[in-house]
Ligand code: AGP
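This document starts with one chain, in the form predicted alone, laid out as structure tokens.
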């Protein structure tokens, strides 16, 4: 979602803020801006479009400031424009603010403030908060922010400066992340550690309803009720090299290639060969022994990995499993009885809908365990335990390595359940052997990516595509279609292959590419029947097939081969050609791969 950066210290704030904003570009945005405090006055520079437009404005000015806040905006209230871009100044120009989130009661607040002389210039809800803070401000910025936040309904991650106080930045969060970076005679505040990791690796994370007052030399955290909150300093375990392109043309391509390592990182140190199972210290033993039902909730790509997890848990461990969209879970009346355990999945650990689902499950008395990539994230802190994917920073908006890492973790969880219930030692070892061979198999796929580049050139002008899969590879078809939609803007749909005859087959003609996951399994013959149905309607079939299956070439226009693995492990491999295909199609169409239109990396508002 939107990105926030703040700095106070002894250096030039301008360059630090711009650098931080550039580190946050991957989150998606439509405008950007910087507010600096110089000689008792605010200097605000903001523009619709890319950060470079703000950089051009600043290059024409000589500003000497060691305190400032900055923002990349992804529009919610008010269209993308210069006037709606952040930072916002209060009407009396005393307060500068940047805000992630949504103020739900802003219309009422706006009307009340207008009656007191505080007019709004923009169409945003955020400007109303700046005016509200200014209304309460009487030389105590922290108290003014506290009083204003008690009046609002909604979500926020904010940074605030006062014109007459060049020695303090106030930050606060409720539903939108804020992290404080601790330096030598300087402090940093941001919505994401990637904005500040160049300058410090020592950080604290705010929890909901907490406020931080930051000066050059110290920070103080309190609750919304003004009670002191002690925070543990954590160390970031990655560096700036992890968030550069590393010689690749795009972050997405780099991250696809990183799956050789990230899948291994997901199972590294977690395989118990003696017991033919997994070692998952973040999930108590009693969970594997006493759970009678599992609910998995997630959004987007993580939802599709959850669907794979449903197949794994039910097939390997015979545990009834349901998968719910997190955005719908909280608005239903989910039935959570004794013996039910909830897993939540989020790459960032900050997804607003998934957080809401987590809290709803806990309100109903369930134990909740997380699968996330970001140490110190809100989901990591609020769950009862869980497993980190250890995939490293994912910068590309279209998620790739997170998906395969999440499935790897779900397979380890399913194995842990199954070995304590019904699975033989021999079968457990077979799964472990397949897991450890995955990195080599992924490398083989990547080495053959030129074939996918050729297929992308062949089909890049298509207006529609279908992705078909069955059983455990049906969610992979969904994910393949999603990747293509996200970055190439081609309309694509994923279906269970057998559902073609129940409607979608009407769409098939000689112009319709149909990508079918047809790797070896006990239902391969049924998938081949589905391919023949498509071929009979002159559809253009592209198959993902297992090495050695040469007969399938007779049925398909093109075939891409993947190494042979167990069927239950195959989604981790089968999705990679689909990721590469989507990437090369988007490049062929001239699309902005890492920052597709209208999308944000981490969706921290409902």
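Since the model is a prediction, treat every value here as computed from it, not as a measurement. Positions refer to the first chain, counted from 1.
Separately, the form predicted in complex with the named molecule exists; it is not shown, and the next lines address it.
Of the stretches 258 to 266, 505 to 513, 186 to 194, 342 to 350, only 342 to 350 has residues with a heavy atom within 4.5 Å of the named molecule in the predicted complex. Contact check at 4.5 Å (heavy atoms) against the named molecule in the predicted complex: all three of 299, 399 and 486 pass. Although the partner is absent here, residue 500 lies well away from the named molecule in the predicted complex, with no heavy atom inside 4.5 Å. Taking the partner from the other structure, the named molecule in the predicted complex has no heavy atom within 4.5 Å of any heavy atom of residue 490.
Contact annotation: residue 527 falls outside 4.5 Å of the named molecule in the predicted complex, judged by heavy atom distances.
In the predicted complex, residue 211 stays away from the named molecule, with no heavy atom inside 4.5 Å. Taking 482, 368, 431, 323 one by one, only a single residue has any non-hydrogen atom within 4.5 Å of the named molecule in the predicted complex, and it is 482.
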